[in-house]
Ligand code: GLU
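Shown here is one chain on its own, the form predicted alone, set out as structure tokens.
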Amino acid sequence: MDAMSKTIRVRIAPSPTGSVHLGLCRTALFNWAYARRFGGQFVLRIEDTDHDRNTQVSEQAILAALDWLGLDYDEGPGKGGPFAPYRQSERVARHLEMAQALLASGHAYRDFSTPEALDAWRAEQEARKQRVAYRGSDRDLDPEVSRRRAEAGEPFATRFRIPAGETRFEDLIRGQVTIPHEEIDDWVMVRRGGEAPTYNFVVVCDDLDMQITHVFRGEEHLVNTPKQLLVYAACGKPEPAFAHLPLMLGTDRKKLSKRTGDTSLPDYQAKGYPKEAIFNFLALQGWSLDGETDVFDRAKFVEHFDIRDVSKAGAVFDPAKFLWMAGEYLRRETVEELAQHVAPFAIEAQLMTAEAIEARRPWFLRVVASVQDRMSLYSDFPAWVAHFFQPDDAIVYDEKAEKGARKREGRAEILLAFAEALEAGRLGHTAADMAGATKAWLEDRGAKLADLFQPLRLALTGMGGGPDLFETIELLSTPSSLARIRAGAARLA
């Protein structure tokens, strides 16, 4: 189907049964981009018929995730649209109506088999070590007899009648797919009791009613597609184009799971991954801009995205590359933007209150700017700046950094001498002034930069590395810096 031959209508149809998985986000991203590139409509439908597992919290998390990622849907819960309602549980009457139509046309039949009879059939299959597609014992029951038994109150399931032959379809990612019908059960459309239609049936009912033209979903649904295509044919309706996205794999090349890393969007939000980095990285899970460019914005993605360019091979989720990309986006932010994003982490770590941040905003912005090049995640901020908030007489020294500083000869003496020069004003009062004056002061003493800098950084921050030392002194203030330097000299003596 040519993407421009008709108005494009794509959808995602998540079940609100757990956390917002990255796979769902990637599927939503690809559907959204396709609709935006080709001027189509992106529909959200909540498949909430699993009453035992559905939660309102999960549904709200899905809506929040789409909103946070900027994947604005055109129709769905909270927005409405011409094909409302967009919650599957509110459409059951329509599903049952369509099931009755397929019963009347002979494409479905009532199966009165008891659960015990079905269990016996399955046991027989296992004993024979043979897999034969299920064909119900009531498949050829006279329709009038079937109707009378149903009216008499005998329980039954409604099953789809699989015809002879095979199903062929063109997957926009995988090419030609052929499934022999002898491999497909006469599957249940409506469970015993007559009020619980099943996924493979209702998804077609809803996609038909909502005029969905393209179905892009994970490859785990590939096994369902022949069943659904047969329902389209039984209804006498044209089917949508299908594309099955590759699995997202961990570095062990198995399906992405908690064994190899976090799998839900909230996990990465909580860690402080920039939003645009998450968007960009998800776009690379099975798709590539040009095979070389990794970092690109959403406008560039939409401009170039086509579902036919998605790879059918599994997409390896590389945490190291994701972290690198997060840092790339973080360093592209303005200091004001970055300050807004790191502030919640500073507050959570109890470094500052929101009121204190606002009261000391110019100072806070300078602190943020001093460590921007060293962070990969917003959550890195507290660790890099904790020394600004520790008491001068209680700096926490990194063990490895202290060992390194202790290797410097004359470490305590040079710290005390530097403190004396700093207090006397001989080194200036701004970071720029101190940098040049300190270099000259060291040359006069015949000392090397490392002789001072390693113990000095330890005394000021407790760390072995970090932002510019003189910027740190300026941000701490001279009195605070002097107290730390002298305390450091005493400890390193």
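Counting begins at 1, following the sequence as shown. Source: prediction; values computed, not measured.
Just so you know, the form predicted together with glutamic acid (GLU) exists too; it's not on screen, but the next bit is about it.
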Indicate whether glutamic acid (GLU) has at least one heavy atom within 4.5 Å of a heavy atom of Arg298 in the model of the complex.
-> no
Taking heavy atoms only, is His387 within 4.5 angstroms of glutamic acid (GLU) in the model of the complex?
-> no
If you check in the model of the complex, is Ala13 within 4.5 Å of glutamic acid (GLU), heavy atoms only?
-> yes
Using the partner position in the model of the complex, report whether Val203 sits within 4.5 Å of glutamic acid (GLU), counting heavy atoms only.
-> yes
Which one of Arg217, Arg91, Arg159, His214 is close to glutamic acid (GLU) in the model of the complex, taking close to mean a heavy atom within 4.5 Å?
-> Arg217
Proximity to glutamic acid (GLU) in the model of the complex, single hit among Phe345, Tyr232, Tyr397, Tyr199 (heavy atom within 4.5 Å) = Tyr199
Go through 75 to 83, 285 to 293, 217 to 225, 409 to 417 and give me the stretch that gets within 4.5 Å of glutamic acid (GLU) in the model of the complex, heavy atoms only.
-> 217 to 225
